[in-house]
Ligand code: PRT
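To begin, one chain is listed below as structure tokens, in the form predicted on its own.
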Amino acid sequence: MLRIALQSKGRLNEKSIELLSEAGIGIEESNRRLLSKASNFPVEILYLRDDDIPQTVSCGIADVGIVGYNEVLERDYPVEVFQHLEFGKCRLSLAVPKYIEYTGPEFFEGKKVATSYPGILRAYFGRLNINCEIREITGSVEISPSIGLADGIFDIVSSGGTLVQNGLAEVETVMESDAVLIGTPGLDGEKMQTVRTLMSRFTSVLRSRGKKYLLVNVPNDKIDEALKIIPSMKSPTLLPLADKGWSAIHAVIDESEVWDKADRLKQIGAEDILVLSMEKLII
């Protein structure tokens, strides 16, 4: 049985459980338990703090885990990054009080920077040959400049609202992060096969998000024009209709493009445009 480490609470926990559910893996309610099992797939879930997941996976207590890529880099334990999961997106950035005239990374030479991610920050400044004092703290990093603890901060940024509330301005993005599936190096063949099945299901779920299934009837002499408007993920499906001179095109398109493509198809004489929701795209 494959053991998956997940964050015990918070948004990453919710998104991870949602992904597993969409991948057809039913998880028992944890009810504050450390372990829970899937009802229909050979996995069990181990609930941990996010910063404990890389080490737990590295030493094989859990076979795989879902955690922020920033935690993987910061903890620097030997793990394999199998897959980026496209949720939990954020960035790790440097910020300074907004009244400061910022001139570039050299601003931090000889300064004090507060962070919960000293490893990533130390590597960044090392690449730039910048010497500064890194003050590792936990909790509310963003208040450090206002209480005189630091000249700037290095922290996770999502919307940037917290920085604004504390009178800070984001000045350098050091890295982008999202949730990743990590694994213990050298998993045995049976467990690795389960991981591949899991990754295939995750890929199908992720590729179906933000997609719509489009069906449209077009005159045969307009097929080439229609195909230029709605290029599919591969080759669109083309079927003749009972009405001679007409064909139906089936294609998968981005949800954001539905209205634009529908308008353009109507302009070339297309009719009966049907847009359907997609639940899964199994590849």
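Just so we're clear, the structure is a prediction, and the values are computed from it rather than from any experiment. For every residue, the number given is its place in the sequence shown, counted from 1.
Not pictured, yet referred to below: the form predicted together with the ligand.
Annotated contact segment (heavy atom within 4.5 Å of the ligand in the predicted complex): 43 to 51, selected among 57 to 65, 242 to 250, 43 to 51, 222 to 230. Using a 4.5 angstroms threshold between heavy atoms, K211 stays clear of the ligand in the predicted complex. A residue is said to contact a partner when one of its heavy atoms sits within 4.5 Å of a partner heavy atom; D151 fails this definition for the ligand in the predicted complex, lying far away. Heavy atoms of G161 reach within 4.5 Å of the ligand in the predicted complex, making it an interface residue.
Remark: S177 counts among the residues lining the ligand in the predicted complex, judged by a heavy atom distance of 4.5 Å or less. Listed residues I120, V157, V79, V96 were compared with the ligand in the predicted complex; V157 is the one with a heavy atom within 4.5 Å. Heavy atoms closer than or equal to 4.5 Å to the ligand in the predicted complex belong, across 88 to 124, to the residues G88, K89, C90, Y117, ordered by sequence position.
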